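Heads up, the chain below is alone and in the form predicted on its own; it's given as structure tokens.
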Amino acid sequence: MKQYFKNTFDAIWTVLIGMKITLKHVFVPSVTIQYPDVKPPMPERARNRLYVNMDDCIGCDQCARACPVNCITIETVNATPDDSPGLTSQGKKKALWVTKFDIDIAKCCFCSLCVYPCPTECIEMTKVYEFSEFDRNDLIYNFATLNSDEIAEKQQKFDVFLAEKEAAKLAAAKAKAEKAKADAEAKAEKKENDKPESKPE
């Protein structure tokens, strides 16, 4: 009988020890926040989703080269003298049309190494950390502002500009060669005319 009461006491005592933490929190106010209506404050230098201000992007590709996981893809087309992309907010003239600026956030390791080398400070880490998707392809963010028709137009303009430049270069080289040939012929003719005539014996 004594052993029975001892076993009962040990069982109750074991339960009380196990419920110590639970019983302590019964009398403590709840600290649960009502997410997503209430969100915890983000740290000052949080590393979350990337954002690119395309108005300031000059297509220098430095952010893509700095990325350790190659999650940034940039493609550009040279601007022609009569079709300039404009200026950045800092007054720097753009020389390239950015036809593709994709960031695969599924690959991003949130290291922030792409932010620092940007000369125009157009890429930054935001405070947005909620970007789950059902389709993995939706995690590839396209920041380029040109549509496919505009990209084809810019590429065609640059190709025409290159062709005209090459034609002008060939024409200049041809004119130079013709001038050199004419000068050589004139020099030879002058030399022939200046040659003294042989006297008859």
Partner chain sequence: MALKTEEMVLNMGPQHPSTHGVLRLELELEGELVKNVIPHIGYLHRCFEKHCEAMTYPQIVPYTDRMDYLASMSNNLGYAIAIERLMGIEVPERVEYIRVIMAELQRIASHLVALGTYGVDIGAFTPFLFLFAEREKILTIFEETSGARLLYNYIWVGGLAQDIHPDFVRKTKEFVEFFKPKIKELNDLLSYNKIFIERTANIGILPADVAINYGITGPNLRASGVKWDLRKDDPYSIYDRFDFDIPVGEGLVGTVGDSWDRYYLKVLEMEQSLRIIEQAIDQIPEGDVHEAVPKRIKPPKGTIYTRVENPKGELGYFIISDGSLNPFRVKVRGPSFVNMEVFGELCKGHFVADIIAILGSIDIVLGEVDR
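Numbering follows the first chain given and starts at 1. Take the two forms, find the largest set of C-alpha atoms that superpose within 1.5 Å, and that set is the rigid core. From a predicted model like this one, the values you see are computed outputs, not experimental measurements.
There is another form of this protein, the form predicted together with the partner chain, and it is not shown here; the text below is about that form.
The putative spot formed by I74, T145 and A171 is not touched by the partner chain in the model of the complex; no residue has a non-hydrogen atom within 4.5 angstroms of it. Just one listed stretch, out of 154 to 162, 172 to 180, 39 to 47, 53 to 61, contacts the partner chain in the model of the complex at the 4.5 Å heavy atom level, and that stretch is 39 to 47. Contact annotation for H25: at least one heavy atom lies within 4.5 Å of the partner chain in the model of the complex. When contacts are judged by a 4.5 Å heavy atom cut-off, I17 counts as touching the partner chain in the model of the complex. Contact annotation: C111 falls within 4.5 Å of the partner chain in the model of the complex, judged by heavy atom distances. Using a 4.5 Å cutoff between non-hydrogen atoms, A184 does not count as a contact of the partner chain in the model of the complex. Applying a 4.5 Å heavy atom cutoff to the partner chain in the model of the complex picks out no residue from 150 to 179. With the core superposed, V38 shows a C-alpha displacement below 2 Å between the shown form and the other one. When the rigid core is held fixed, the Cα atom of F27 travels 2 angstroms or more between the shown form and the other one.
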